[in-house]
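Shown next are two forms of a single protein chain, provided one at a time as structure tokens under the names structure 1 and structure 2.
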Structure 1
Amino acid sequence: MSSEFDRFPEEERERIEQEIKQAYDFDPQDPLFGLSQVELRGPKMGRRTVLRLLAAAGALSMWHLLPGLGGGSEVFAAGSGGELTAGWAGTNAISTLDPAQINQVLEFQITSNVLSGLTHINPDLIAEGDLATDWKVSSDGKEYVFKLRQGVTFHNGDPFTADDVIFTFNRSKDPKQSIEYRLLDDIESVEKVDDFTVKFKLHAPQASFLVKTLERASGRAMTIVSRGALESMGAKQYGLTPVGTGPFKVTSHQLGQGVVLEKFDKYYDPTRPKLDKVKIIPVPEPAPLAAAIAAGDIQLIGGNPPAPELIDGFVANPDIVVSILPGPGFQALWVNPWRDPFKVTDFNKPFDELAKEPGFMVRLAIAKAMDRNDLIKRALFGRGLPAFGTINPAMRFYFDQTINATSSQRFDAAEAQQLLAKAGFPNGKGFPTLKLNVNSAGKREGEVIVNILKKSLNINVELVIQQWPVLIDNFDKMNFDLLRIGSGGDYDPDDGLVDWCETTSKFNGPTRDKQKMSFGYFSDQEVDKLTEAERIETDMNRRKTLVQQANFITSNKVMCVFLFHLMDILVYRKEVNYPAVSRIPGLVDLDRTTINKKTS
């Protein structure tokens, strides 16, 4: 299997492996994760400390360590000023910019430019204070005291103080006001010490606290909101034009028509932002998106990844820069275990025993018939990596490099045909016509899957295109034969294992008919045990083993047919100087971006 990582020179790979090894080398019982209190103090935490915390939080990924991503020494060719117009791909509207309501990456790509957190990690892996200037941690790792930046004002002129941190915490913790309330479960309390000092008390040491929970980009639940603005404009308007302390302020937002950001002159760092104005236009259709960037009407594409069929055209255009990095998440084809001909009502049997059941044989036949390279080539124009589990190559440390060879799902058309014959359907004879549910965006993938299954197994699959509310409802109720859905995810293994693989996971058919189905799409006691164990395991090497074991079982027992992992693709015109320091997968930070003015 090839990956972005393998393309780098050996010495670089050795350096990366060495850094990863060091990051995970600590006593799991140590509440400070093998770091000293001094190392954990503000106003900055070094690369080694951040790597350790990311590792302990299960959030360390390959992209953190790839060469070329740690900018910082970038010299800007262009001066400050200017206006950038960005197209936000694959969306009809930026539904909300309120961090308490955000559920899409394309939304917090914008708020990351408008709002602030207490900390921020740059791609040099230096954790810097964002709205915090300094911090201390107690010896038991359960108490953090933050000194807040003074003289910071919100876009509406209100001063930023400790009260805003407490207000944000209380709001985000309230399920009636926030959909992110669960992210703050580990925080016992937040106290105001004085106007510019706050104390957080945790229930238990949490490695991800500084580098994830409080971090500006991915934090969300603790992204600081303005009490004054919320009270004066109300939550609905705040969702359109949030007021924060970030480098840009929202000056206009018409749902579906676009957002206008303007430079905030009183931003605490006077050197940023470089641009005067940023216009963001949602562009739902691929063809106009391609035309708009080719014409120079837009200079950068953010939002959802651009449609795969456009990428080759972008790469071939000398005026356009395409930056591709491995992305998190997994994409899968779900096979309903409660329906014939792939019925399996007890996944707990040992694999050998399970393999004798006709229903399982059919599941496995479908998985083995899936030529993932062909699928990626035809549906994604080559922009993806074959998947055999929820753990993706972007997670590097947890990723099992051998799973493509060891999983029962590995592609083998001949073996797939034999399995189908053994299950009573030689050459697909007598096999019922299946229905494959996909949403409209997945039509192309669906067509390729239908074609692959016909070619490999001679079975007929009818493509059923459903809108998102119907598709997700059918998935929750287990009302499908085959269904295409996946996870955008983040870099934490729990994102796949806990959310998708456990019997009680939140997506495992929660609204199914429980009288007829005791579990959703998958249930395996061993996977449940391993997942519960890895969640609390602080020894990262042991955790890695547990994660990989659980991942292997879900793959082997065909929890679903794993298809591919997507790539993170950023596209912009060459007149845009998008510095490496801003290139964080999933985000579009524009505070350091500049634009060359046209000279023609």
Structure 2
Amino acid sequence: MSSEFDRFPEEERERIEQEIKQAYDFDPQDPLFGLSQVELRGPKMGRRTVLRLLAAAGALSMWHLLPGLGGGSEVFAAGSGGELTAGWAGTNAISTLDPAQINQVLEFQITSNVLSGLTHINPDLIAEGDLATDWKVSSDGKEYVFKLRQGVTFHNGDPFTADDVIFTFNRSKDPKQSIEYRLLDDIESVEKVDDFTVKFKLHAPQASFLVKTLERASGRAMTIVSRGALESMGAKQYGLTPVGTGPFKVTSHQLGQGVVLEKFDKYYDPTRPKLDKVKIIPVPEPAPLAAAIAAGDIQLIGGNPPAPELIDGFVANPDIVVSILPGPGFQALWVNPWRDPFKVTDFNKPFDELAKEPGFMVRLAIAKAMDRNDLIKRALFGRGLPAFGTINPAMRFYFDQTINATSSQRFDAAEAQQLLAKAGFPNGKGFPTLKLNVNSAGKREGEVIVNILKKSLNINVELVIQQWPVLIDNFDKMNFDLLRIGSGGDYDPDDGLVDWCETTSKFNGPTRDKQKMSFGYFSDQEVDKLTEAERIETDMNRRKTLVQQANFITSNKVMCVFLFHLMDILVYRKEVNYPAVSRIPGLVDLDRTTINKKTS
């Protein structure tokens, strides 16, 4: 970022420094971050308020203050209409589009174009009104009153009212119907004031309420669903063809054959969407993906990040645009604690005690043997940052700049070899051949990981290529030795800690045999307590301390082998006009996208 900062004239740098100073000029003890109720009202907030909230939430950086960043042109092509074909990378099927069941970025990238929430984030990761046109916040930060947009229609013709907000809340808070239920733990009640007014009462002020809980894409718990469609279709069919109030409606979805979206003519904003149709095609293999966009068979890549080996070729192609932003996520190598030789059935011990157990020694040896810089250089072509926790650099204030030097996982091949020897496998002798599960898009990363472990520890790892749904299923069941998977769309510490690190986290072996495995990949009571505390802490400095303490424990006790933080890369052909207002890290919002018509 410093190089971007230095390229501006002195007066511009002074403006940026002054705005940062003003943004941080507030009382951290104030749950409303020193802002008045008028300033906090929706549906949009002024620049000063936005910068103050970013600072208070720990999300402000110079990135938000530099002009001209963010990829894509803000100028729309003349006219509208046309069709766009997008390739969804690294998967062969879109498993579900029901927000109550979504657990993958590649899925909520699609639903963000189909379903609405009370709020939606903008490129600065600040919530703006979506189905809410305005809101008021009580002086203690525990009560939000939302005015709802009138005249909104679901794709099936049903009118949208406050009853749909209540229905969505009741459905999402039910663990039997939703995997997102824990996001609603801080909500005491939701009341219908009238047909177009709802009141949320919270147990405690929540800094991430508008961005995390109510946001239509990454939040998902309060993404508004259609009561009438669910009753008539059933949950299974709704997961394939959900009915919402968004700019596009789903007209076709067959597993393995992709999704077709068509323009919803009754969308509340008559100027959107621009496109008539969007075809989304799963493309699991990197080579066909590259060939398809080069030939113009697809015009945009969404889904999982494109394979790193493809990016340089995309950049060199004059017909292709590559937009790169800081990525909100982490990538990891998961080590099954229920299998030898790295078995650890109780993480609730001091680190020094764990370090005496052979199973933990092997886990730690693998983590310390991982040369992350070498991995990033060879597998990602330099496009990534070493990771040592779930809290990513895009979270800015909460990101621990020192953890790479303090975590037990820091690279040290000699110490890794000593640990493996103490565990009974000197120079890898007698060590069993492990299997590493990856999807096809992660094949190159897997090959480099196998090579690094052989080089550092002299152990053999067999690469197992699996289709994305199979990989996810094995991860959820804890059916693996080693497995490569990560997270995206993580805009708040809750995305990293609540979703991944707690004993009851939704990704923590949800379909495992609970009689044989009391937890999934990790369980630590102190992490659970710290995470529950940070979720409701409104003082940013205290929250930062809690977040970083929990993050450090998961790193130190090797919840997984943290590998790297990706950059967010969006690839599309030059005839696609993808405006900056839609360039939200982790998402692929297409409601403002247009396509230049070819002229002969």
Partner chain sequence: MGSYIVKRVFYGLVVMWMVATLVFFMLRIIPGSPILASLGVEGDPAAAAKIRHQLGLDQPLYLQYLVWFERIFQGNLGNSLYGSHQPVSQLIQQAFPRTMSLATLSFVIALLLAVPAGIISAVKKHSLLDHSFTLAAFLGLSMPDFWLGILLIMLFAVQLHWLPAIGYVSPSQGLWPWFSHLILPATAIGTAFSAIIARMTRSALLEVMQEDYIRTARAKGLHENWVILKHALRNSLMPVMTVIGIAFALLMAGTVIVENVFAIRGLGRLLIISILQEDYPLVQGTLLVIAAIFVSINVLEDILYTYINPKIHY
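Source: prediction; values computed, not measured. Residue positions are counted from 1 along structure 1's sequence.
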### Query
If only one of the two is the form predicted alone, which is it?
2
### Message
One rigid part rotates against the other between structure 1 and structure 2; tell me which of L354, G327, I298, P247 lies at the hinge.
### Response
G327
### Two-part rigid motion between structure 1 and structure 2 - turning angle of the smaller part, in °
22
